[in-house]
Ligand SMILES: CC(C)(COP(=O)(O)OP(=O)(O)OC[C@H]1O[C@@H](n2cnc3c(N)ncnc32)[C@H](O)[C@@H]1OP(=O)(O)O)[C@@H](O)C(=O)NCCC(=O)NCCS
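Shown below, as structure tokens, is a lone chain in the form predicted alone; questions about how it binds or moves come after it.
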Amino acid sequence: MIRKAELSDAVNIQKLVNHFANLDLMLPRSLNEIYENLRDFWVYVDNEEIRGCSALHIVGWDGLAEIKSLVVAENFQGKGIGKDLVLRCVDEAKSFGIDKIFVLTYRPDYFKNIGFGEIDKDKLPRKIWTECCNCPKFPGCLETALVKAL
């Protein structure tokens, strides 16, 4: 079942995200960051356990949003859960009147299969780099930027 995240989900969202961050597959998230952005998150729940999540973060008033922290537990991968989480974010973005949604990812082919197209990171607004400047991988980041018009 996919639903909006609840306050009681924050610790488990962080554990799931940071498990994959420790494998160097995504960026880590602090518990404080999860709590501050909890309303951005969708979660996939199986047997009352968080098995996947994604977040839709609105970047600004110019009709742009980002999908962040997409992750699915290893034993639940390959079942379409990640795609369903992305599509929930896309539907939510449409409901807000968002024109364009982007991702920064180490797995660009995954998003290309969902209709995202690669874009030069320099074409994204500078305000998205606020978080990047605090990243230990900046400025040598190897993430690929992809965008989808809605």
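What you are looking at is a predicted structure, and each value in this text was computed from that prediction instead of being measured. When you see a residue number, it is the position in the sequence shown, counting from 1.
Keep in mind that the form predicted in complex with this ligand is missing from the display, and what follows is about it.
Is the gap between F111 and this ligand in the model of the complex 4.5 Å or less for some heavy atom pair? It does: once this ligand is placed as it appears in the model of the complex, F111 has a heavy atom within 4.5 Å of it.
Please determine whether H57 contacts this ligand in the model of the complex, using a 4.5 Å cut-off between heavy atoms. Close contact is absent here: in the model of the complex, H57 is far from this ligand, nothing within 4.5 Å, heavy atoms only.
With heavy atoms only and a cut-off of 4.5 Å, decide whether K100 touches this ligand in the model of the complex. The answer is no: K100 has no heavy atom within 4.5 Å of this ligand.
Please tell me whether any heavy atom belonging to A93 falls inside 4.5 Å of a heavy atom of this ligand, as the geometry stands in the model of the complex. The answer is no: A93 has no heavy atom within 4.5 Å of this ligand.
Heavy atoms within 4.5 Å of this ligand in the model of the complex: which stretch in 42-50, 29-37, 66-74, 115-123 meets that? Of the options given, it is 66-74.
Give, in sequence order, every residue of 77-102 that has a heavy atom within 4.5 Å of this ligand in the model of the complex, or say none if there are no such residues. The stretch touches the partner through Q77, G78, K79, G80, I81, G82, K83.
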